[in-house]
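One chain is shown next in structure tokens, namely the form predicted alone.
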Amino acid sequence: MKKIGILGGTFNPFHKGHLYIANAAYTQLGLDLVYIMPCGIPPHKDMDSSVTRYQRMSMCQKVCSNYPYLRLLDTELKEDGPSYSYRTLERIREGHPDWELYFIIGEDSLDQFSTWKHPELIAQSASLAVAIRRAGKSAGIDKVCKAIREEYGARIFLLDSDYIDVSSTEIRHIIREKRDGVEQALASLIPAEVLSFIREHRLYSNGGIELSPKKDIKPSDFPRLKADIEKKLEKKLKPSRYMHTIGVAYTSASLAMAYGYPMDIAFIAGLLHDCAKYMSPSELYAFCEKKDIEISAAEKKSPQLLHAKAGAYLAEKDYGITDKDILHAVKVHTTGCPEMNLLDQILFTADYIEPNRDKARRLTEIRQAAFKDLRLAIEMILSDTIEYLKETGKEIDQTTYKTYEWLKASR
């Protein structure tokens, strides 16, 4: 008989308090494993619709992959209606009759236990493992436990702990408010792998695009910003280049949908990626010299490559975009770079696979790969690009080599 802990919740986001409780249950009850079980639609909470169940699952998965005693359980994520603990535990018990289940909850949840749907069935399916604060143990906890045992026949185990009281609501508020010292505050509350995921996917920040003067354009303002930029670009670019630009913007938005990134931000990056393409190679070179933009050896020989760096400059100065992610993605969209973030990867790939492209090698295969394994698609693009440049005798930027090697090494 395996002793299995089940820690359920919204995990919006997963934080160190969850990790502490899971560890307390594992060590104090001698469990074989603790399953982290994010719910799909919680019956008792209003969910932030901007963060999907799949993003919450990904955050949990990243934590579980770093701890041998943790596993992800996606049972409730597959449900289309509200997730009820009694029903989930019954299914787990039926599917794993060799498991002795311990349902891990906090002290606050124990106080509300009688309000849950069919608490008597929960008590039949699993023992309750309740994390309490040792330092501030409620004088009434024994009374609550006694009442639940008598009414529902529950088996209750109290987990002694000194865990800090971390609030997912407070974490979301800190991110949205962009308080001073936010990075240090979040690092003390959230596991590093979860914080990295939140940053890369821009979760809980309302998806605002930073503009100059310093302000955020909210998603509701996106149509106006989009129309303004398109109007300027249509006047600046040749028709064929403008058509390519629109294709990249929509492909970027499509990839953003697939990988859980804000679509409006990806779209604007796509719109602006070639905003400097109205300049000739010699004009690009002169422009970058005048603006003190660094020019690499490869860019000196092939100045047309400078449209990416010049584009990032123009995106800020002429189009008012100060959003660091957008500017960086525009800057590296031709060569990529080691440690590419998600938007970098989206824009780099969209530029290669947008519908108006028709001459690249393995294009159909790369397009299919892009929506299944973005890094694989980028690796294929870089491999084919390097091979093509070698065959044609054209200069290869060293950043392209470094990006390719980084991708292979990180697989």
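The numbering used is simple: start at 1 and walk along the sequence shown. Keep in mind the model is a prediction, meaning the values are calculated, not measured.
Beyond the structure shown, there is the form predicted in complex with a small molecule, which is absent from this document and is the topic of what follows.
> Can you pick out, from 224, 291, 317, 241, the residue that has a heavy atom within 4.5 Å of the small molecule in the predicted bound form?
Going through each option in turn, the one that passes is 241.
> Quick check on this chain: which one of 251, 334, 88, 125 has a heavy atom within 4.5 Å of the small molecule in the predicted bound form?
The residue from 251, 334, 88, 125 that makes the contact is 334.
> According to a 4.5 angstroms non-hydrogen atom cut-off, is residue 395 in contact with the small molecule in the predicted bound form?
Yes, residue 395 is a contact residue.
> At the 4.5 Å heavy atom threshold, is residue 10 in contact with the small molecule in the predicted bound form?
Answer no; every heavy atom of residue 10 is more than 4.5 Å from the small molecule in the predicted bound form.
> My question is simply whether residue 305 lines the interface with the small molecule in the predicted bound form - judged by any non-hydrogen atom within 4.5 Å.
Judged by the heavy-atom cut-off of 4.5 Å, residue 305 is in contact with the small molecule in the predicted bound form.
> Going by a heavy atom distance of 4.5 Å, is residue 23 a contact of the small molecule in the predicted bound form?
Heavy-atom contact with the small molecule at 4.5 Å: absent for residue 23.
> May I ask whether 274, 385 and 400 all come within 4.5 angstroms of the small molecule in the predicted bound form, judged by heavy atoms?
Each of the three qualifies.
> Heavy atoms within 4.5 Å of the small molecule in the predicted bound form: which stretch among 350 to 358, 25 to 33, 364 to 372, 60 to 68?
Single hit among the candidates: 350 to 358.
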